[in-house]
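A single chain, nothing else alongside it, follows as structure tokens in the form predicted on its own.
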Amino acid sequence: MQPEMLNTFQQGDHDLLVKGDSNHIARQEFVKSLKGAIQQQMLPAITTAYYQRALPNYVAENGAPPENYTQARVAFEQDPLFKAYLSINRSSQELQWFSVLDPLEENIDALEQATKNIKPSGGSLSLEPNFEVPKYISSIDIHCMPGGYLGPVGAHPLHAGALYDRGVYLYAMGFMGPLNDDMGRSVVNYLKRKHPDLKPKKILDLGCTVGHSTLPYAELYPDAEVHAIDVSDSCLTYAHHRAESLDMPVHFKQANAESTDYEDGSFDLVVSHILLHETSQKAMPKIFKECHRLLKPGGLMVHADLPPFENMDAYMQLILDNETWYNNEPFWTAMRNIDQIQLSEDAGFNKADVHFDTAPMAIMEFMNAGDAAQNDEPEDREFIAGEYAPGGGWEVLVAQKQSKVA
């Protein structure tokens, strides 16, 4: 269950969470505060510099403003303030992981012991000894995380999962909520609002990492059987024990979302959360086709991520494109240039049954509960550069598989 958010921006404890001693925590809080200062204080100055200095100069030289992130980078890349922003932002990302690595390595034996004291909740874990991890995952330390999703070679089986659990909380500056589950919780809230008749019996979460976004489905659809897959054995091992410690029964399995061994029509709902920008351009069409195959007639596919670049101006594109340039996110920008509506249609969905929408962040709705209670629908939000989830919402691609013709 979600902890009471008396202090929204402190991570909720559970049996597997590694924070360290007071010195470690102080360092981690410094990193979180640094990231907040970059977003809340430095980025507004960067934005001003772009619009008041770089943009007029570019227009004077080219006769028109930048049309996309590539042209915006040309306009801004030599600006000293922009260079400082890029350098400090990258440093904060590296500090984030290092602030968690020391206490993790010091407490890894205690972490393993903790798994032995967790009471089973009915979930399961299935790993494949000879599993082949896609190169687009194994060949890079994604978002500068040491060892990436797989962890360093020879590391403890819980290493990558434990590092990610604490590290991603710092990255999000608390905006994922106490259990880092805001994205999954936001999507479930969205589905209950937009598809109130949806009563899924079986749910599949693709690319679940440590199950942050998976658990809200087990909590808020208590009658459903929840499955979750990932390619990382370390993340899955941690995810299983974490879910059990939180008394959330989920069936975790090592599998590639491009091709699973579940039977056709196994699920009423197939979801993913920030998975697509971690996959290659060759993998995405396969994932969409697999989603269509796995869904029962009338079932829903929902992919939650950040929006396509076509929904943003050139400056906003540039700020997000920095993830590709400076944060080891090679598919971040490429994913936003892919026509996902067409991919869905190519996978077998009817174009009329596919659309983008915004799932408001659950944590924002929680903090604005009094205002939201007065409205049947959350207010529309504009996409704003620099927010963890631009505009306070997650972009969701929703597609419904055609029902069988009677």
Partner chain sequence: MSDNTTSNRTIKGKRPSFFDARGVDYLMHMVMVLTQELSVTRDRLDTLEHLIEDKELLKRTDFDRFAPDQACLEEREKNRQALIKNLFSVMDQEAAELVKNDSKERFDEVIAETAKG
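Residue numbers count along the first chain shown, from 1. Quick caveat, the model's predicted, so the values are computed rather than measured.
Just so it is clear, the following notes concern the form predicted together with the partner chain, a form of the same protein that is not shown.
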Go through 281-289, 87-95, 229-237, 297-305 and give me the stretch that gets within 4.5 Å of the partner chain in the predicted bound form, heavy atoms only. 87-95
Even though the partner chain is not shown here, does residue 138 get within 4.5 Å of it in the predicted bound form, heavy atoms only? yes
With the partner left out of view, is residue 362 within 4.5 angstroms of the partner chain in the predicted bound form by any non-hydrogen atom? no
Does any part of residue 125 reach within 4.5 Å of the partner chain in the predicted bound form? Heavy atoms only, please. no
Hey, in the predicted bound form, does residue 328 get a heavy atom within 4.5 angstroms of the partner chain? yes
The partner chain isn't shown here, but in the predicted bound form which of 101, 111, 173, 312 has a heavy atom within 4.5 Å of it? 101
With the partner omitted here, the residue among 338, 45, 37, 26 that in the predicted bound form has a heavy atom within 4.5 Å of the partner chain is 26
So which residues in 143-171, when you check the partner chain in the predicted bound form, have a heavy atom no farther than 4.5 Å from it? 144, 146, 147
